[in-house]
Structures are given as structure tokens and as C-alpha cells.
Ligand SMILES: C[S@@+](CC[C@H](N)C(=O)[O-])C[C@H]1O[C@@H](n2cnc3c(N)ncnc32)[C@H](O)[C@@H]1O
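Below you'll find only one chain, the form predicted on its own, shown as C-alpha cells.
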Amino acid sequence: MQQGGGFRYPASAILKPAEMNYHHAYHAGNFADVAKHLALVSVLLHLRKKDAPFAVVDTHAGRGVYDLTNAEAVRTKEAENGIARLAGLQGGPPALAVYLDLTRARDAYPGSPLIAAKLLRPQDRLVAVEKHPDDAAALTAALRPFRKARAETADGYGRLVALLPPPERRAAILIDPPYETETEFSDTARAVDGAIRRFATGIYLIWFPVKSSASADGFCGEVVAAGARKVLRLDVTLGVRSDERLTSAGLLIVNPPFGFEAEMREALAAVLPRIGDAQADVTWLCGGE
């Protein structure tokens, strides 16, 4: 880590504003969103198999829903190489069918908090945290129809440990920062470490960009070193890696439910050929089924 640890992340690992503005509107529905939200749906469907309630914590929740016709989305056209390519797709595992149903609107794309809110049962709840006031206001409005979903205007890292362990003792925790600052990898690794110490049995989904293999591998090593017993790494790469835009992203799943790996492999096998020259790599970093 850059602070308090031995690993130093190279500057190339950080997403500069030209590559990724914090506002997810520029990137909503892109290839990384498709993989990340498929994984989230798979985890939530697993939690729904038992009647016992569960919680969802989203630490960097964004606006909740994104207009794919606005200037930001039109400028980058990233959804055109993501969710737009999946129109008409049928079949596949349950997570894929549910994801496609949740994202079928052509002009809008739901962010992770809205996807989670739509999959809550009466006994479940969502806490979605967003620190940017304008985005937090939009998030509050997006979640208003869902009685068991709550938006907070706060720093997600700061709130994470305070929200754990949840009273339900079952939870999915999504940690999806923008990685705009030089300390973001370190901040995320420390947050995961603190969270696992508080709530070792939670299911954690941790998104990260892959601009540098060394930085991504180092970050994943820090998460494993936090004491997680089961960690699955899922990487999706779109074409050839580029310095101009994000073409590779990863997701760490701590304590993935049984059958998650097989379902994601099946879902991605159906999705990625439509997206184009995209490849997935699914690897156990520790534990396994």
C-alpha cells in the first residue's frame, strides 16, 4: 500500500479524470457494469433462497439510475459496447435472466443500488452511501419508492465499519470506488481489512480497474492478506488494453456463495461474445469450491 504498507501503486494504476470522471453517467452500462451487476444479481438471488433477512451495503452508490441519452453517455458511447449489445439475448442461468429483465429499458440504466433495491424482499434492506451531494440527492429520489432502501450522504469508507456487522448477520457489501486518487487502492484495501475484521462472513464484491497488472495483483494480494478465507477474482478485458480508456476491470468476491463461479462462467459465456473481443478470467485466489 502507499500508506501503512509495503506495496506502492504506480501512477499508471490510477484512473485520471480524462479516463474516468467520477460521475458514472459517462460509463453506465459498459462492459464492466455488465459483469459487476451480473455478479451482484447472482449474489442477491443466492441470499434470497433463505427466508432469513439480509442487508445490502453499497459504499459508493452513485446516482442510482443513469440516462443513456444524456450528453455524458452519448459522448463516451460505452453502453453501446455493453448493455446495448445484449438486446434480445435469452436463456442462460437465472442471474442473467434477472439482470436482463432489470436492465431492459433502452434509454436508462440502473446502478447497483437500484438493482439491489428491486431485489429486496419485505424483510431485507439496503443502505446506499454516496458522498457527492448532487449524486446523493438523485440517489435519494431513485430509492424513494423502496421502503426498505435508505440513501445516506456520507463517505462510504467511513460508514462501512459502522454499518457492520448488520443485525441480520447476512449481507452483501459492494465496494465500488472511482479510483481517482493515488490513495484509492490503499483506502479500499484498508476498508476491506476493517470490514472483514468486523464481519468475516459477509459476501463482499470489490470492483477495481486494471490499468496495471502489478497494481491490480498487489491490491488483490492485500485483500487476501486481510484474512479472507475464500476469494474469487473475476477479470473482464475488452479488446486490447489501452492507456486512453478503461478496457480491463476486475471484481473480487470474498465468500462467494456455492455455485457462484459456475453461474458467472455460464453467464459470461453467453454475454461476452455479443460484446465483442471480450475475455473473462475467473480465478480462485484462496479457498475454492
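Residue indices: 1-based, along the sequence shown. These numbers were taken from a predicted model, which means no experiment stands behind them.
Although it is not shown, the form predicted together with the ligand is what the next lines describe.
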Open item on the list: Although the partner isn't part of this model, could you tell me whether P209 comes within 4.5 Å of the ligand in the predicted bound form, counting any heavy atom of the residue?
Closed with: no
Open item on the list: D176 versus the ligand, in the predicted bound form: is there a non-hydrogen atom within 4.5 Å?
Closed with: yes
Open item on the list: Contact with the ligand in the predicted bound form for S42, defined as at least one heavy atom pair within 4.5 Å: yes or no?
Closed with: no
Open item on the list: Using a 4.5 angstroms cut-off on non-hydrogen atoms, would D101 count as touching the ligand in the predicted bound form?
Closed with: no
TODO: Using a 4.5 Å heavy atom cut-off, indicate which stretch of 177 to 185, 190 to 198, 86 to 94, 117 to 125 touches the ligand in the predicted bound form.
DONE: 177 to 185
- [ ] At a 4.5 angstroms cut-off on non-hydrogen atoms, which residues of 112 to 136 are near the ligand in the predicted bound form? List them in order.
- [x] S112, P113, V129, E130, K131, H132, D135
